[in-house]
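The chain below stands alone and is given in structure tokens; this is the form predicted alone.
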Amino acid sequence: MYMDKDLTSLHELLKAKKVTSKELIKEALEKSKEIQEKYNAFVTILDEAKETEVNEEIISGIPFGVKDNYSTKGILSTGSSNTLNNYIPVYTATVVQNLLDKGAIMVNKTALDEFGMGGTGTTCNTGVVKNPWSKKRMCAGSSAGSACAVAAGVYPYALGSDTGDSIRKPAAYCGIVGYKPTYGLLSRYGLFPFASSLDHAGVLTRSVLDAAIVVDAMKGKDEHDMTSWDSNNMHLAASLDGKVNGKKLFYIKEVCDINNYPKANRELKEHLENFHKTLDLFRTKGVIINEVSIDKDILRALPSVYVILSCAEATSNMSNLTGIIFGPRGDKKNVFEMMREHRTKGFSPLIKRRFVIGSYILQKENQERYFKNAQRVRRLIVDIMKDLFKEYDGLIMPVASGPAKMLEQGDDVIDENTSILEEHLQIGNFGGFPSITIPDGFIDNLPVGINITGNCFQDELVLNLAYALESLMDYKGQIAKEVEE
């Protein structure tokens, strides 16, 4: 068995001819079918995947997965929505093409919450994605299929996208690494747009080094994406040395103090205790970690601001999903009836709710009260973070309020304060900040995660901090072990 190994190990085995690319593909496809039967992680499995020549690129000859909201030429790309259940694009997303050009081998397209609009992995048109650590638990979303597949050992990495926490929270729930780079480091050309000012391409892996290797291979300025920028002088993998002595991090008191959760259950208590133990462990590397207080009213606004901005942008971005240009076309008398049927039958109730909210927010008489005020609060939050980044190298926080939630009670919250703990990763999207989640131990044999977020363009620093912390723990490269509940 090879696909549970890291990229560097696989590359060395391939170069030494101890294994072939064809054998890796065969194993990845067999595991894909096994995982699909158990956890429902995929939209499409590419049985026709072909081996490539192994070259000096570490990713060459090695299989990977692609979230199904990335356009892939000649291959079904649905966004896990019935509105695109027959859509086969005529072009490939830039970041996917960059990997293919370097010899990587795409073996499947992974399931997601419909168009990335969800945090549970339960709204895919192909059904619920289950967590490989426990079938009774969710993977979180929207990159549920990618997280499930990487955690289960189908391949070393898969592509995800992150608009609010859609890479980083699934990574935490599945016990792996999830990295969302600085906005524009990775081209979004060919990534189905959800909320363009918040959307980030990214990757899920089982180690920080693998995340750096993959993003190195994907990044670069793209003439098709005007928000992308030249990163030729940024070498993520080569910059990882684990030297972090004297670096300064902060965490937010209002989120990480157990005294703020009077109704805290055992899982939350253990999660925060574990988080503070990890901080003490990190301090042994010479890292300075301080507590910082932020106005709780501002923190409480995070989820509302996210909903307003993302729904407004989604409503605009997805107005082209009419069934006329692409997608299933209804047999109706006129264009308007065809569009109405396509959007009524094609979208799930969750998506339709978001479009209704977005349309309401964008009405002329409502823009000042909702949309523009949300933009102002977003700017306020980003400015606070920017000021803190003048003194600190990064923000370190626990991910969510504990391990993966049960599928049948995924919307439960402990109290109103817990929503901040569940939603704070959205800060990384508001500011376009680089942000990475890595495993931080277990509660009841289920993984939990810790996140580091830094200032824009400081990806090398953020990754090196995560790399140093990862070296102090025993969770790098772990494969999910299903538990009975």
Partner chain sequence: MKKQIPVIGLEMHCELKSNSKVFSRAKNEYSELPNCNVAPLDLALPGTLPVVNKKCVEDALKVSLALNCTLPDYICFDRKNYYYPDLPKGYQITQMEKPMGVNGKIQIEVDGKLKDIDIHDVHLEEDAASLDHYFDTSTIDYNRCGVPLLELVTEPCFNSAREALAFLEHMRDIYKYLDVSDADTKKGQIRCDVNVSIRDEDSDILGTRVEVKNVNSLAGVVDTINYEIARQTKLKEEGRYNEVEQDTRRWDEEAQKTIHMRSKVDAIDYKYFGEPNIPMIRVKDSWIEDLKKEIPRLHLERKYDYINNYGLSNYDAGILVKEKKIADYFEECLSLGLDAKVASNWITTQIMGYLNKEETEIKDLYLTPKRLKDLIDLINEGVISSKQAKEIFFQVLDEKKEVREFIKEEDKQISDKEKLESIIDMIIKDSPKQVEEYHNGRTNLFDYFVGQVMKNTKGKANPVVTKEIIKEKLDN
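In this text the structure is predicted, and so the values were computed from the model without any measurement. Numbering follows the first chain given and starts at 1.
Same protein, other form: the form predicted together with its partner chain, not shown, and the subject of what follows.
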Q) So which stretch, 193-201, 207-215, 146-154, 124-132, is the one near its partner chain in the predicted bound form (non-hydrogen atoms, 4.5 Å)? A) 193-201
Q | Full three-residue contact with its partner chain in the predicted bound form, heavy atom 4.5 Å, for Ile288, Arg376 and Phe389 | A | no
Q. Looking at Leu268, Met106, Leu279, Met339, which is the one with a non-hydrogen atom within 4.5 Å of its partner chain in the predicted bound form?
A. Met339
Q. Which listed residue (Asn320, Asn85, Ser239, Ser304) meets the criterion of a heavy atom within 4.5 Å of its partner chain in the predicted bound form?
A. Asn320
Q) Would Arg369 count as touching its partner chain in the predicted bound form under a 4.5 Å heavy atom rule? A) no
(Q) Tyr251 versus its partner chain, in the predicted bound form: is there a non-hydrogen atom within 4.5 Å? (A) no
Q.
Against its partner chain in the predicted bound form, would Ile298 count as a contact residue? Criterion: heavy atoms within 4.5 Å.
A. no
Q: Could you confirm whether Leu362 comes within 4.5 Å of its partner chain in the predicted bound form, counting heavy atoms only?
A: yes
Q: Just give me the residues of 111-149, first to last, that have a heavy atom within 4.5 Å of its partner chain in the predicted bound form.
A: none
